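Encoded as structure tokens, the following chain is the form predicted on its own, with no partner shown.
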């Protein structure tokens, strides 16, 4: 115990955030032995020693940490979370008077609050009780974000250097508890603050923030803005973080597909899980095989719904129809006047049984979006194509089509 107290005093006096982080972690190598020592001590003597040897302002936090360890030792995660929740409240009170050096401790405490909340909710579910711990933990994580963004001390010592880490961590938690609307408050707070540019923060902070911001925009169907965030996140994510890169591609590729941007085979070969998920859609678009696209949509429906990408991928069906219509144009000797009935027959040929009214709608939408250049002659039921580049390339030389 004396070694622990001495180490804590030394780290606190030298403002060693990483040292304090290790000493207050429930997952640290010393935690098991420390728990045994705590359980063998007289509680009153233990409290007196902490107050005497560690003292204000850290004694309350350390005593609360001991309570968390004892609850974990009993495998009572519901109690452990409650004690850790009290620990976070005490910590935030302390952190508001400290500078940038305290950030590693803040990150660790918020992380462990979330982990213990997860375990506590699992226990509650097993006992047919309502799991509310993670929602409460999300509120604490938001307080951690506020602790960073409201700091008014000079920038070089400011807790504002933790803003994007805490924002990303809050986003991750809000997504899990399905309270994504609360992310808007964080984005608004960041927008009105005078912060260093995002590029000055550590790369992992940037990547997480950009990824979740992109997902929010994706769900709002703000696809162009979402693409910008995903591409920036992908480029800043190190190559060895293959799993994280595939998470980004999970949402970036559907955005590309609806705009006719097809990722290269080289890119897909580097990420097999992404290729497995989207390869069949890409092949169907290239071949203009609408039936194959629909079959892939049916086959991958469950996983796409789980990822919340189904509706976006479904929109890309239009690009496969465009590819089919272009083949009809080529087979008709690139004639500028094509009967709509030929497009109808082509769709039937690939197994897509649609009404003529739908064919007219497909063509009209493609003209509106600039995928086809021309106009519809409703009286004669013809598509009249432009003499110059009637099927303009889409996605070619797009700046996002090649990403490292």
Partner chain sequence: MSSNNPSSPSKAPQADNSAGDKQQQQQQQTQPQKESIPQLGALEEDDEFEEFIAEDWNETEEDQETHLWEDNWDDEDVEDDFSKQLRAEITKDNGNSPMPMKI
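Numbering follows the first chain given and starts at 1. Predicted model only: the values in this text are computed from it and were never measured. Superpose the two forms; the largest set of C-alphas matching within 1.5 Å is the rigid core.
Although it is not shown, the form predicted in complex with its partner chain is what the next lines describe.
Wondering, does residue 299 line up within 4.5 Å of its partner chain in the model of the complex on heavy atoms?
Yes, residue 299 lies within 4.5 Å of its partner chain in the model of the complex.
So in the model of the complex, does residue 137 come within 4.5 Å of its partner chain, heavy atom to heavy atom?
Contact check for residue 137: no, nothing within 4.5 Å of its partner chain in the model of the complex.
Is residue 350 a contact residue for its partner chain in the model of the complex, using a 4.5 Å heavy atom cut-off?
Answer yes; at least one heavy atom of residue 350 falls within 4.5 Å of its partner chain in the model of the complex.
Considering non-hydrogen atoms and a 4.5 Å limit, does its partner chain approach residue 207 in the model of the complex?
Yes, contact at 4.5 Å.
One stretch from 121 to 129, 156 to 164, 93 to 101, 211 to 219 that, in the model of the complex, holds residues within 4.5 Å of its partner chain by heavy atom:
This holds for exactly one stretch, 211 to 219.
Flag this candidate site as yes only if 276, 287 and 342 all have a heavy atom within 4.5 Å of its partner chain in the model of the complex; otherwise mark no.
Yes: each residue has a heavy atom within 4.5 Å of the partner.
With its partner chain left out of view, choose which of 261, 195, 226, 108 has a non-hydrogen atom within 4.5 angstroms of it in the model of the complex.
So the residue touching its partner chain in the model of the complex, by this definition, is 261.
Using a 4.5 Å cut on heavy atoms, which of 88, 78, 323, 147 is close to its partner chain in the model of the complex?
When its partner chain is considered in the model of the complex, the option within 4.5 Å is 323.
So which bits of 49 to 63 sit within 4.5 Å of its partner chain in the model of the complex, heavy atoms only?
Residues within 4.5 Å: none.
Given a core-based superposition, decide whether the C-alpha of residue 57 shifts by 2 Å or more between the shown form and the other one.
The answer is no; the displacement is under 2 Å.
Taking the rigid core as reference, does the Cα of residue 28 move 2 Å or more between the shown form and the other one?
Stays below the 2 Å threshold, so no.
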